[in-house]
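Here's a solo chain for you in structure tokens, the form predicted alone.
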């Protein structure tokens, strides 16, 4: 497993398993157990997903030591207190601390929850804190308001959503951008250019899309509940895309290099 170093000194695995839209129960537990068996060392969940308890059960059943697994969860900004919600997440996960705690999206403004996130870190509930779905302007406000700079900004990011302006804003603040939906929830796998690059590289469409992110220095958390796909998604560290193939994938961007996290917000 390869890692990226965060500004606070902690290390984030470049590959993780995301469990968005995976229902609480056996399906989630099995996916997490498979991922850990296959060498994944990062599991990404959230309070809004409703499956933290399943992640915790799978971690305990896996036999993998807690200190070898990086766990991310996210504060649901419809709630009031990041500290209280973190404590509840820890109970569900069955752990004493998460490795990364994110504000899930900037509802009610980007900075209001940040003091509570800092308190959660000070109390040892999370090793690192960060944000998700924050655009460049949102990041500026959080950095200006807080005493701790977010370690991570988890964003919708792929070759088709190549948010170069937002990545640049993250880098300026020494924030690591992390990609969710790097496969476009499967939509990008049938793209003709992606398939052509995959054929040229001798890899699958999923692998070249994930490798594109890795070569950009962006950690990835692809989601799957199928063992063979979880295994396939992990096989991205033993090859390198050519400059030509990287450029071909770069050209898929539909965001025009935006500094926004999303084209359309789902919150009010």
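Residue numbers count along the first chain shown, from 1. In this text, all values refer to a predicted model and were calculated from it rather than measured experimentally.
What follows is about the form predicted together with ligand A2P, which we do not show.
The chain is drawn here without ligand A2P; in the predicted complex, the stretch among 87-95, 113-121, 73-81, 182-190 whose residues come within 4.5 Å of it by any heavy atom is 182-190.
Proximity to ligand A2P in the predicted complex, defined as a heavy atom within 4.5 Å, singles out one entry of 215, 235, 62, 225, which is 225. The contact with ligand A2P in the predicted complex, taken as any heavy atom within 4.5 Å, belongs to 229 out of 41, 229, 33, 200. Not displayed here, ligand A2P is approached by residue 206 to within 4.5 Å at the level of heavy atoms in the predicted complex.
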